[in-house]
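Listed next as structure tokens is one chain, alone, in the form predicted on its own.
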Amino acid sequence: MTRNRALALILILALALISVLSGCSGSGGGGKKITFALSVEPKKLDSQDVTDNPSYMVNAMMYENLVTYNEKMELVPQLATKWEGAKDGMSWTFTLRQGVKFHDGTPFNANAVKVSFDRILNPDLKLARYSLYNAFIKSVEVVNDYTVKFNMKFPFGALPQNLAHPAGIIHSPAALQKYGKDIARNPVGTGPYKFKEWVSGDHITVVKNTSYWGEKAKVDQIVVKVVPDANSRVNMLETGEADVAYPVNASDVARLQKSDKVGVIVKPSNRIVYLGINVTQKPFDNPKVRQAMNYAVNKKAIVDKILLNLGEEQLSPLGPNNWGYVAQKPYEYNPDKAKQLLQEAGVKPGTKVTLWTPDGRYLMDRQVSEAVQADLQAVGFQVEFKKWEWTTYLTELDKLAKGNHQLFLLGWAPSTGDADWGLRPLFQTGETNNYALYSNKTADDLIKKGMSATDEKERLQTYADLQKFLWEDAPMIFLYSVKQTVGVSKKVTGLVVHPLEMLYFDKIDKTK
């Protein structure tokens, strides 16, 4: 071999070695990788401007709040180290963590907190979570670099719980100024992972934040794959192409739990799944009709035969794992009573209605909607069925202020774990998530009373009264509360399946 050829070979080998070593580094996207097969694509990477948990799950990899909930639903510090409410309930003061930086190098401080909350409180921006905080926050005040004060519109004792909501994230003020409304495609937070890329319709990739202030991530990158088909998600899990799959269909749970390679985590959530009713359209403006529809649907059969007991029949407008929950007397399955109420309300057999459903967002959602369709047709309705891809579905629901819709399947998991946010968004007049366009003075008065009450017993009684009233007025078909089903490779440890129906990846790890 000539000397030049030997040198060339050494150079090639050296370059190959550099390539291998760089591929093993966290910053280069190599090393340990987690692939998360998710049923739907997040709508936006900005938790201030979305209402869906898939978006929140991915945002939580990159963003942090002042406070958060642990797995026991206890409030714990995150970007704040301590907090204290004024005796009159009119303000809350938070001491902030020092030495934290955003992914773009911007220092985290009280000004960053004020900028983020001033943004969500700005009515001109019309962010999806505006009403969550505008309802009770008057202003946000910088006391010093690491102390911030929230001034209330009225005594409000549940501010920390509301700041733990995913919408309470803190943005980099520099990134907000740079990207404006495009921040939803260019997220910059303080979390254990930072944004790398989003290929629409296919995947989102985040990589390890090597400058994270807390315990560093154990994996180098997470790829969130959009996989709408439930069978495909399970196949990816079983072949090793995916490490985590969510959700897993009820029919696959028992089989996967016997597998040597994968398992299924089944945990309760605070989510309800309901069939919304546009109460502004006839004949749904009549409570008798809405009650009839509740009697018409065989909820027990849905839970037993479709969900395979991975849910519980809904007994309140509020999910059972939320503070303030009170069970009501069930709407038993009674088609004859449903027909009688419909006759009394003057609804003629053959009345046409339209039912919208997502396909793959919630556990067995399309199959549940088909069962509801059959039950409503059995009592005389003619039901047109329409299924949607999730992000399109949300976009269409956001147009519903015009009132063109009729029936629609949705879930609600209040990320504060509190009765206020479990009920107010769905039933208060004018709320963003009030897709039923429901408006009732009694309900509104009880909601406002519950918000301003500082005594716990008074709050509990108010929300008990509100649940009873809503149950009888029936602005939805009450279906079921759902259990979470998460498929996980047995090589994976540290995934947190939270009661708030969130998956947290900050401690996830993977053996080879």
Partner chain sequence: MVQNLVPSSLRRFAKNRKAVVGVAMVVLYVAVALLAPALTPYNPTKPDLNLALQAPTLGHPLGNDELGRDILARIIYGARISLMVGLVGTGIALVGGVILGSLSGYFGGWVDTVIMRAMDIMLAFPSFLLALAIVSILGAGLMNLMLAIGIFSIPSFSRVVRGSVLSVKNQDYVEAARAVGLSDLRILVAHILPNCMAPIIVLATMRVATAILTASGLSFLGLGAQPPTPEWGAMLSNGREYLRAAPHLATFPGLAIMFGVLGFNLFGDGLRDALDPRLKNR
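This is a predicted model, so every value here is computed, not measured. Residue numbers count along the first chain shown, from 1.
Absent from the display: the form predicted together with its partner chain. The rest refers to it.
Asker: Ok, 296, 302, 204, 112: which has a heavy atom sitting within 4.5 Å of its partner chain in the predicted complex?
Answerer: Exactly one residue meets the criterion: 302.
Asker: By the heavy atom within 4.5 Å rule, which residue out of 440, 286, 367, 334 makes contact with its partner chain in the predicted complex?
Answerer: Exactly one residue meets the criterion: 367.
Asker: Please name which of the stretches 93-101, 141-149, 73-81, 380-388 has residues with heavy atoms lying within 4.5 Å of its partner chain in the predicted complex.
Answerer: Only one stretch qualifies here: 380-388.
Asker: Tell me, yes or no, whether residue 255 is in contact with its partner chain in the predicted complex, where a contact means a heavy atom of each within 4.5 Å.
Answerer: Flag for residue 255 set to yes.
Asker: Could you tell me if residue 313 has a non-hydrogen atom within 4.5 Å of its partner chain in the predicted complex?
Answerer: Flag for residue 313 set to no.
Asker: Just checking whether residue 211 would be counted as a contact of its partner chain in the predicted complex - the rule being heavy atoms within 4.5 angstroms.
Answerer: Contact check for residue 211: no, nothing within 4.5 Å of its partner chain in the predicted complex.
Asker: With the cut-off set at 4.5 Å between non-hydrogen atoms, does residue 249 touch its partner chain in the predicted complex?
Answerer: The answer is yes: residue 249 has a heavy atom within 4.5 Å of its partner chain.
Asker: Since the partner isn't included here, can you check whether its partner chain sits close to all of 326, 409 and 458 in the predicted complex (heavy atom within 4.5 Å for each)?
Answerer: Checked in the predicted complex: no contact with its partner chain for any of the three.
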